[in-house]
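Below sits a lone chain in structure tokens, taken as the form predicted on its own.
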Amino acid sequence: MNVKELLERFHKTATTPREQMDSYLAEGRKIVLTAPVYTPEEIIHSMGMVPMGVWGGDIQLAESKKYFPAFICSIVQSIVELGIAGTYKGASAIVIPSLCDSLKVAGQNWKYAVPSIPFIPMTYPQNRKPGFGHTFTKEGYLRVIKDLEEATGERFDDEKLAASIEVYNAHNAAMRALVIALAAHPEITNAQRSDIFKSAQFMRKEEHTALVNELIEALAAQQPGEAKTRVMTTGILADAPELLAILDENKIQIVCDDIAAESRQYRTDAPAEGASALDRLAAKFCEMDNCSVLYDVEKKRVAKIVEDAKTADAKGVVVLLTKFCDPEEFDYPLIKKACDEAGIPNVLIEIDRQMINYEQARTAIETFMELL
């Protein structure tokens, strides 16, 4: 396929996840939903099932308000809202990690709001670097495996997990290479870039890797388009069509990102060696860093944002702050200070899954462009 055909394929998958889910169900595959972030998809994949990401949607909330206070992340609320509405009908289970306060209550609410889809908790340690952090993580994975076997009837095998780890490591490498390839091609819009990342949530990783590698090869043979203003984005989500359209209208190109739903999850591979495949997977989580929901008293993420922006020759940093996301809100003052000290212009855009008007964001971005 050529670049246009590949981009259309990514767009279709990103915008019609239910169709993708139905196609897998029609093939006789079982679907396990994976909530953000760092849910152990490799385990699900190794058991012959399809992990499908659930990051909520840009919808108005109604039924989920019965379970959550108003001042809680709309990503979590919209996941439950979609579950109540039957959007995920046919899924065999949902795995929800506990890396923030909102996610901790999401699973408990899910049990009562969507009883037809079993809830499986994944409890991660905050102190993940010491040896006991690895042990705790592995025990959490064993709990997930036990619950998955009970919910789906499938069985876990460590050798199959080793094979799945290779599939996911290959996908990580492809996504890292993709960021570099897209940065060299301003003609690829931010909306199209988002489609590629978002489609990865809904496809089997080996299928997505093949398409991404094909796109990288096709881009290498294509003449780059006219240069745009290069920026870096940071935050939890960056998939709102209206927001991406504003960036594209202002000839802004996202050349790198620190977005939880995008590049953050592809930075760390499972190590090549370990006592078992499950130990390797636990080591992968323990080695992760530079994320607002991962405990780090030194806040190394802040320095990495500055470093990545400079490496990618980004002229500014766009902070996309998900409303009521405490971990991101705590990091923002440090990010702003570090960018200011490094001489990197930055702008804060507050976003929410319920937003229907992005005119305030438009004004902020246009003002930011004048500054740049």
Partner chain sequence: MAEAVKKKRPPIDPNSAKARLGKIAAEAYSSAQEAKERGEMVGWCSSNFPVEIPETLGLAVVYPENQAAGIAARGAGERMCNVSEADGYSNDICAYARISLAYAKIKSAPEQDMPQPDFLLCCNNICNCMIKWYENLAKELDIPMILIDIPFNPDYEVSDAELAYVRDQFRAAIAQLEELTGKKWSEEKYKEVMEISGRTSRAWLKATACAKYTPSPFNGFDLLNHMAVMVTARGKLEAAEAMEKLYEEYEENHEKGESTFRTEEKYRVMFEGIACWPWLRVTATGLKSRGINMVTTIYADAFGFIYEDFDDMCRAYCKVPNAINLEYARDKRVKLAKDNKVEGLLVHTNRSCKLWSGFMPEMSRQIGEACDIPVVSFDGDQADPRNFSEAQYDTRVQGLMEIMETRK
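Numbering follows the first chain given and starts at 1. Please read all numbers here as calculations on a predicted model, not as lab measurements.
The same protein also exists as the form predicted in complex with its partner chain; that form is not shown, yet it is the one meant from here on.
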The chain here is shown without its partner chain. Which stretch in 48-56, 317-325, 304-312, 26-34 comes within 4.5 angstroms of it in the predicted complex, by heavy atom distance? 317-325
By the heavy atom within 4.5 Å rule, which residue out of 108, 276, 222, 116 makes contact with its partner chain in the predicted complex? 108
In the predicted complex, which of the listed residues (102, 199, 172, 164) lies with a heavy atom within 4.5 Å of its partner chain? 102
Examine residue 68 and determine whether its closest non-hydrogen atom to its partner chain in the predicted complex is within 4.5 angstroms. yes
Quick check on residue 187: any heavy atom within 4.5 Å of its partner chain in the predicted complex? no
Consider residue 331 of the chain shown here, and say whether it contacts its partner chain in the predicted complex, taking contact as heavy atoms within 4.5 Å. yes
Quick check on residue 93: any heavy atom within 4.5 Å of its partner chain in the predicted complex? no
So which bits of 22-51 sit within 4.5 Å of its partner chain in the predicted complex, heavy atoms only? none
